[in-house]
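Form predicted on its own, single chain, as structure tokens, below.
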């Protein structure tokens, strides 16, 4: 199946699987956490969030200025009006990369204008949400925006093959800095979680393509339920993805989750962020130990 992906496919083992984004190396061997507001609401909350990221040694964030919603009456995001002050605050707190969803070509131009206006204090990673995975004209647009890396989330109602081909659409327009995002599949079999976790496909994506793989435990779980051990489901699911070899985590945090304008039920608090980071460090170490174990056993298994 990797032959279907002419550009992003893993055709030779020595092909590069990493790239640079404003001094941050992202690839199939690296690990980063993109934490932040699902939707930008107030300057105060954005600044508090960036300050928390810096305190925890993070230089990557998620921030939503444009929010496609199921209901036309739900908050749709502040749009381009918030971009200048979000970018300025990112520069103030040393945030190098912001993952931000776009839904049409005009949004890309608005980001270019806001970055130029503020002196390019940060870099944006264009995010294609699950609803737009088969918006082929948008895929071509972000593929032509070579200065921006792209995170493409798997479509929640289509096959893995179809979603990977959507990423190939982006690359076919010249933008090869593409990250593949897993965020759960829409099905009642995932109840009571918001989506059915699909993180078993992390290894499949890395085997078939050279793309780094991101997981979104917040949208997979969709709530703050916890098991009897006291660990939140979001922590459990995030750890599962990290132990399976995910390269990025895209997680919702908020200074006051109850006041978040989008998906308040799934946001972690700023106080929970250091716990989350320590938990991810444990999970990442477990993944690296698993790799070491299998590497050591490989010669004997092959004999």
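Numbering follows the first chain given and starts at 1. This structure is a prediction, so every number in the text was calculated from the model and none was measured.
Not pictured, yet referred to below: the form predicted in complex with a small molecule.
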Please state whether all three residues 101, 127 and 219 have a non-hydrogen atom within 4.5 angstroms of the small molecule in the predicted complex. yes
Is residue 62 one of the residues lying within 4.5 Å of the small molecule in the predicted complex, judged by heavy atom distances? yes
Under a 4.5 Å heavy atom criterion, is residue 183 part of the interface with the small molecule in the predicted complex? yes
Heavy atom to heavy atom, is residue 249 within 4.5 Å of the small molecule in the predicted complex? no
Decide whether residue 131 counts as a contact residue for the small molecule in the predicted complex under a heavy atom distance cut-off of 4.5 Å. yes
Given a 4.5 Å cut-off on heavy atoms, tell me which of 22 to 30, 253 to 261, 62 to 70, 272 to 280 is the interface stretch with the small molecule in the predicted complex. 62 to 70
